[in-house]
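Quick setup: one chain, the form predicted on its own, written in structure tokens, and binding and motion questions come after.
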């Protein structure tokens, strides 16, 4: 273990053993010589940048929590010519998956001379199911995959046990495993790492955070989110055009966000046309004088059109009072369709009050998930893939690469495996949403804080 941190957060990174081999990369080691340098294990950045918090930690005798910088090391644990690598993509589709796979393959091959790379087909189940078998990956196999959406390796939810996966890794002499996925994948990566450790095997496991919901903790953003916001903005703009095209028109857009409302919030801000944003982190009533339907009614009386953005996980208690829908293969609760439910409630509410209303419902989820990444996401994916390889070749394991405060770092998987990042209702991001939409601070009858809806042009 290396890099212990003080306080409650431990960002130390596990290693498989000493780094005995010189890196084949021709980089420098002296700052100021005009040659880009290797990264030293001692280079870290503070996780919490709040000055008061840092002072408190130091006063208490703790070293402030810090993250190890990602990047190429001058010394490697593995001899590159002896490495056999495996790559797997899991969970739902997300913009940028192919970009990450391509980056990993090219970095392994061209910068380290690793020639044996296999892609596991259709998620974790590919470790145990014989058909289709793992696919050998060479640079020519990934030359243009980054131009396509989806995952050319295929993906799936759920899968075999950690024991079965490690059986495969041991049998196939895999030295480095790259796992591209969300919170469920990181839990699996942790279990696989623990099984590897129990057996005393020298296999590095490195995760790359993939989730449109942006719900992986500690990192600034997961790849795919920027693309999702860009495309979701188009749906919000379309909903605005539809709403304006009818008397008392309502454009209703359901976006991704199982437990975290980042996509809904940022898409609404990017568009600037949303009048209501409903997310899982901020409760709301539907009925009553301060509930959503009454607020929407006042908006239509005043402006005669409205745009509503709702995250898929918002208001689930209205749809599933007995929790009977169960969980999917990844262990996530199966959600009801809050968008369709809201559409029905909106139509019923205005019919009851004798007010004509036209509701246009848009759900662009699968179009967004399967799209190629935007330029910003493509850059991020390229860097994540490169740094995942650098970490694995140095013998670092049970970690996830990501970006914190604008810099690529290593985050121990144990720190993220059982946590989920959520939008803080007291964060300036949500304040910006409230200011942009003009919706009340709360739409709760017991606590009707905030002014009535402010009409926006």
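Residue numbers count along the first chain shown, from 1. Everything numeric in this text was worked out from a predicted model, so none of it was measured.
Unshown form predicted together with 6-O-phosphono-beta-D-fructofuranose; subsequent notes refer to it.
**Student:** Work out which of the listed stretches, 364 to 372, 185 to 193, 275 to 283, 377 to 385, brings a heavy atom within 4.5 angstroms of 6-O-phosphono-beta-D-fructofuranose in the model of the complex.
**Tutor:** Of the options given, it is 364 to 372.
**Student:** To verify the annotation, which of these, 212, 268, 124, 100, has a non-hydrogen atom within 4.5 Å of 6-O-phosphono-beta-D-fructofuranose in the model of the complex?
**Tutor:** For this set of options, the contacting one is 212.
**Student:** Could you check which residue among 349, 146, 157, 305 gets a heavy atom within 4.5 Å of 6-O-phosphono-beta-D-fructofuranose in the model of the complex?
**Tutor:** Exactly one residue meets the criterion: 157.
**Student:** Does residue 257 reach 6-O-phosphono-beta-D-fructofuranose in the model of the complex if we count a contact as any heavy atom within 4.5 Å?
**Tutor:** Close contact exists here: in the model of the complex, residue 257 approaches 6-O-phosphono-beta-D-fructofuranose to within 4.5 Å, heavy atoms only.
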